[in-house]
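What follows is one chain in structure tokens, specifically the form predicted alone.
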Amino acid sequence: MGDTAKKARHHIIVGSGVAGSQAAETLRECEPDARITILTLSSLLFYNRYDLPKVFRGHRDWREYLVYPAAYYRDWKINVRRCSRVAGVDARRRVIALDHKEEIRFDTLLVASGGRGYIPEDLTDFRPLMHGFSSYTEAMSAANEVPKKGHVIMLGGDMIGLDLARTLIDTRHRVTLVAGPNTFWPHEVDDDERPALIAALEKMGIEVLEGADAGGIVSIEEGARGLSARRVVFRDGTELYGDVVMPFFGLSPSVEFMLGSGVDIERGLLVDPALRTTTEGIYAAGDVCQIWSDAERRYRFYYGWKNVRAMGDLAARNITGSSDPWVPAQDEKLHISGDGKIQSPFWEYA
């Protein structure tokens, strides 16, 4: 090989969701000869999590949810390593350690590991009695537990949960929302806006319990024989019975494997407007990062399918030589339409 030969760089992406998958595609377009590896905990290839409410409409085949066929990754020369848990990152050596002790060297790293459902500390002991909804497996488990026209008790009521509630009501299930401070997350709702938004939820057909947030729940228990499968007991002694209890209190960034890496972390990975972390060669995109906002003079999260995809694209372009700043792809305003229905940009996705 001559002195002018250049070794192809190895780009590693942690996370196979919207941000990570878009980043891989953009990286391939920008660097045709680069090595691209996606590491994901999932056993499935990239699928559209926003479509998961369809399990309650009878769509149970995992193949329906895949965004790309397996041949796509072969044709684009993207190596996807499924069921791979990242144990840690050595930024100095530029090495990722997997849970099974394997080490993989990288030239650049994009952390797009997203977030998992947040559970308030007071409710963590009851986690085994609640059903999450952040993966295909969790969605299937919940759908299998809810009988036809069954009753779902929803705690918190973030926008992901309320999106599911729309489908549940449409499929003739009963939904009781135990509302609280996390209702409408990640939207920030003023006190004077809340009554109209709660009324809009009730108009949708959701039964709303206001003032009975997570702090008012004493326990979540299995229902007695002959009764519903779950019982929620409140501090005032009242009880609520349903078939499943589903927590929707927002997302908690999945950043544990970055502890000790040298990258600055607050609630998420701190990045500049070009999505660079505080460590050279490491970027972050999606629900996992807090982006510095010059206008607001603080780090903040951005959510929504369009924003997450745009972050993946921007991070990849900047990894390959650009230095463009972050510009949100969608606003974050929640409002009520003329016919009394809630409209949110977080419900607008492809």
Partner chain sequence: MGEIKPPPEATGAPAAQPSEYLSDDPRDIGWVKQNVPCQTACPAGTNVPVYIREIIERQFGRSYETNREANVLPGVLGRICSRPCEAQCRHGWPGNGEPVAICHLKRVASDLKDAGHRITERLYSPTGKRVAIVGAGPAGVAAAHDLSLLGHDVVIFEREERAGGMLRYGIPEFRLPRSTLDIELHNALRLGVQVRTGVEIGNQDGQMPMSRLQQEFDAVLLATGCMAASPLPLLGEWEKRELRSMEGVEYGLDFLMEMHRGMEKTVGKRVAVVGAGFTALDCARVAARLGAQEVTIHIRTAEEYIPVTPEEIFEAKREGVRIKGLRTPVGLTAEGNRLTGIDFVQNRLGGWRNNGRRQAIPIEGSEFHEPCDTIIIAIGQQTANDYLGTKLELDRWGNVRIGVDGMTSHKGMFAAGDYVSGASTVVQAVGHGRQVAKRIDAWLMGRERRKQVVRIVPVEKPLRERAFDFIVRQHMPTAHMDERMRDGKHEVELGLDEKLAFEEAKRCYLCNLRYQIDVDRCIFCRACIEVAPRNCIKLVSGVEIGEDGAYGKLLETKEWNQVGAIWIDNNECIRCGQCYTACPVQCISISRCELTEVEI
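Positions refer to the first chain, counted from 1. Because the structure is predicted, anything quoted here is derived from the model rather than measured.
Another form exists, predicted in complex with its partner chain; not displayed. Remarks below refer to it.
Only one segment in the set 108 to 116, 123 to 131, 169 to 177, 195 to 203 has any non-hydrogen atom within 4.5 angstroms of its partner chain in the model of the complex, and it is 123 to 131.
Between the options Glu222, Glu280, Glu210, Glu266, the residue in contact with its partner chain in the model of the complex by a heavy atom within 4.5 angstroms is Glu266. Contact with its partner chain in the model of the complex, judged by any heavy atom within 4.5 Å, is made by just one of Tyr68, Tyr65, Tyr50, Tyr299: Tyr299. In the model of the complex, Val218 approaches its partner chain with a heavy atom inside 4.5 Å. Not displayed here, its partner chain is kept clear of Trp305 by more than 4.5 Å at the level of heavy atoms in the model of the complex. For the chain shown alone, Arg85 is not a contact residue for its partner chain in the model of the complex, no non-hydrogen atom being within 4.5 angstroms.
Proximity of Arg235 to its partner chain in the model of the complex: non-hydrogen atoms within 4.5 Å are present. Although its partner chain is omitted here, in the model of the complex all of Leu259, Leu270 and Trp292 have a heavy atom within 4.5 Å of it. Using a 4.5 Å cut-off on any heavy atom, the one residue of 75 to 101 that reaches its partner chain in the model of the complex is Lys101.
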